[in-house]
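Have a look below at one chain only, the form predicted alone, in structure tokens format.
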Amino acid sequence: MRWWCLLMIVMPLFGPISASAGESQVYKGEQTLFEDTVWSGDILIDGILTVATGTTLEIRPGSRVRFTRFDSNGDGIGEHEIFSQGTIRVLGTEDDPVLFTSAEETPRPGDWGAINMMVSEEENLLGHCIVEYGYRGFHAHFSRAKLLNSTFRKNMRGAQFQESQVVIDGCRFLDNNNGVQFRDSKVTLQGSTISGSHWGLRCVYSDLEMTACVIENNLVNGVNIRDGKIHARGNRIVGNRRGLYLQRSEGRVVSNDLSGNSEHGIFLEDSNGEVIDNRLIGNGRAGVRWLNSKGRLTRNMITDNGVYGLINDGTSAVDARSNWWGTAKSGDIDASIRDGLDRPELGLVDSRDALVQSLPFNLLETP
């Protein structure tokens, strides 16, 4: 082995490493960083690089981290990645983001594994970075992280995590197979976009605070939460199949634009929800579908939807007082609602005190 290859392998064992902008640093096989390390410049990961417990990996602005493709079992998922039980701090800037990408000449989603965190309890940071062509751009178990002002694109899964606390602010999840998915986690999602995915955002057993986001043009559901809690305020959830789908969940949905989805603007199934001051316009089947759920639907604009403004598919009653249905005529309002008056086995909808005109709509206005 040449002396410089040997040196490259053993250097992480003895102290912080800094790769200057004019150099290319290569990590081959399975290596571990045991001392704090700084990257700046071009880094090639040709294996699995572990960041040990108590160790910090800092990545400076303008750095490029590339991963070779290695798929040992032919499942289409690359296995080379960064695996961290320490702390990762990606310090890109708007003008000089950090790039995580495939090293292949013809890259494709799944070329490499993930920026992978396991029991990484210090606050990890991915700031101003671009993450592309991975299996999971960001992945975590039992970890804490902030994803700030970053773009996750053309990954099989933009971000996936479990049993973690994650803040996502100002990020873009574009053209991934699945945008963001998580379970058993506490998540703050704000000022971010999820677009062009099969599934936009889906989560289970989680607590989600979602503010001022754009969830658009996802093939299945824009946002799907199951057995969890959501507070959604000031979001645009448009152009998906279903906009917002709550299953066995609790939700407070205030001042959102839930329009132009091909099926339903919002669908509550066995859930408890407050749906207030939303714009539910131009959805393909119904503005609202309500199935065996509790709560109230009030002060919303529910107009110009394809078949119905509101469908009650459950046996319980729906409190839908004080909404704007696009008309003040009681007969026209009744025609826009499907409930027990149409099918005796269904519950009734209380649409009394209908508004005589629409209220001013502001994405960030709360009652």
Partner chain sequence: MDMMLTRWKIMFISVAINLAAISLSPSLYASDMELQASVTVPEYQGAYSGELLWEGIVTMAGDVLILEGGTLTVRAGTQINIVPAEGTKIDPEYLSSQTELLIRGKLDIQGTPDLPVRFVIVETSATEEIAWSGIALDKAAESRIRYVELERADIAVRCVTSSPEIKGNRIANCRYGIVAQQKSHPKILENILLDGEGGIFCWRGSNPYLLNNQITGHDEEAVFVDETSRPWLEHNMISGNTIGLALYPRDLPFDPESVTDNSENVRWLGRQGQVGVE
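Here the structure is a predicted model, which is why all the values come from computation and not from measurement. Residue numbers count along the first chain shown, from 1.
A second form of this protein, the form predicted together with its partner chain, is not displayed here; the remarks below concern that form.
Taken together, the three residues Leu91, Phe138 and Gly234 lack any non-hydrogen atom within 4.5 angstroms of its partner chain in the model of the complex. Checking Asn116, Ser120, Gln160, Ser102 against its partner chain in the model of the complex, a heavy atom within 4.5 Å turns up for just one residue: Gln160. For the options Glu263, Glu274, Glu209, Glu79, the residue carrying a heavy atom within 4.5 angstroms of its partner chain in the model of the complex is Glu263. The closest non-hydrogen atom of Asn283 lies within 4.5 Å of its partner chain in the model of the complex. Using a 4.5 angstroms threshold between heavy atoms, Tyr27 stays clear of its partner chain in the model of the complex.
Taking the partner from the other structure, its partner chain in the model of the complex has no heavy atom within 4.5 Å of any heavy atom of Thr87. Taking non-hydrogen atoms only, Tyr308 approaches its partner chain to within 4.5 angstroms in the model of the complex.
Here the chain stands alone, but in the model of the complex its contact with its partner chain, taken as any heavy atom within 4.5 Å, falls in 214-222 among 124-132, 143-151, 214-222, 185-193. Residues of 226-243 placing a heavy atom within 4.5 Å of its partner chain in the model of the complex, in sequence order: Arg226, Gly239, Asn240, Arg241, Arg242.
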